[in-house]
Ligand SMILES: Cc1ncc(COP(=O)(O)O)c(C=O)c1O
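Heads up, the chain below is alone and in the form predicted on its own; it's given as structure tokens.
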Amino acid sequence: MDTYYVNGEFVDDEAARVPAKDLTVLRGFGVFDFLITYNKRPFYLKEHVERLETSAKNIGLKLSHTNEQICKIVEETVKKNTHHDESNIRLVYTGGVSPDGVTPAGNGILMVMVTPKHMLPDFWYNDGASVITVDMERFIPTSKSTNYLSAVFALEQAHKTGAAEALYVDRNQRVLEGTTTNIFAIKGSSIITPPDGILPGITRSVVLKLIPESLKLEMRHIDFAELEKMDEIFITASNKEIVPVVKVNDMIVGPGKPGNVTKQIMTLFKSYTKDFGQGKIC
């Protein structure tokens, strides 16, 4: 049994509760963030909490905890789940109970849920994964809100085809991001990733620092029509790390297997997270 933090108390996971009248339940008004541990050390915890704060600010949700307080609570919750080899950590800040069922009253609840890290299919990383595209745009994309209807809808379509992820394509036919991932594309000596209109991924930020000097970074939008011309594509996320993409809809990417640049970045990221877990990187 796992231990969660809910509204000032540490409780068994099955005893975790929020009020039925909470705005997160009634209206999907709340924010969350997600991270994992390496050697039981939360990866980029401060940055994830900063993103939680930004998400809340962008939707008008007032937090009553500081970054330092939330970080401390997360660390304490991880320590209460020593039975995990590695952990998934989900932070949720609810909208709170509202007098009229709509207007936030500044009484949101902080929840920290620590669960065992979920292992994803090996073939995604060894052979590459397939993704689909959906014509859809997220509301306030810079916020990781609990209103996840678009992602649920898109992923349901993806899973019906056996795809690992769904990528959002906006009204201008730009490929923005996945439901829970950021996208990178490689063409020749250039590595391309959208600059804005997306959720700024923490894994994405690390990858940007690890890009080899032999590659030219292009922070620009990717047109849907460009996808079939790309040599390599990969997606990034906290839970997925770096996943090579070898198929988009019915289009085969490059030679249909993970490319050399993607594999190089995967190796660099693995080394980076190993060092982080050992405390060599702060």
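The numbering used is simple: start at 1 and walk along the sequence shown. All figures in this text were calculated on a predicted structure; none of them were measured in a lab.
Beyond what is shown, the protein has a form predicted together with this ligand; the following relates to that form.
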property	result
Contact assignment for this ligand in the predicted complex, among 175, 199, 191, 89, heavy atom within 4.5 Å	199
Listed residue (179, 133, 146, 77) with a non-hydrogen atom within 4.5 angstroms of this ligand in the predicted complex	179
Contact stretch among 64-72, 213-221, 248-256, 45-53 - heavy atom within 4.5 Å of this ligand in the predicted complex	45-53
Contact test in the predicted complex: residue 203 vs this ligand, heavy atoms, 4.5 Å	yes
Heavy atom of residue 238 within 4.5 Å of this ligand in the predicted complex	yes
Any residue of 212-233 that, in the predicted complex, places a heavy atom within 4.5 Å of this ligand	none
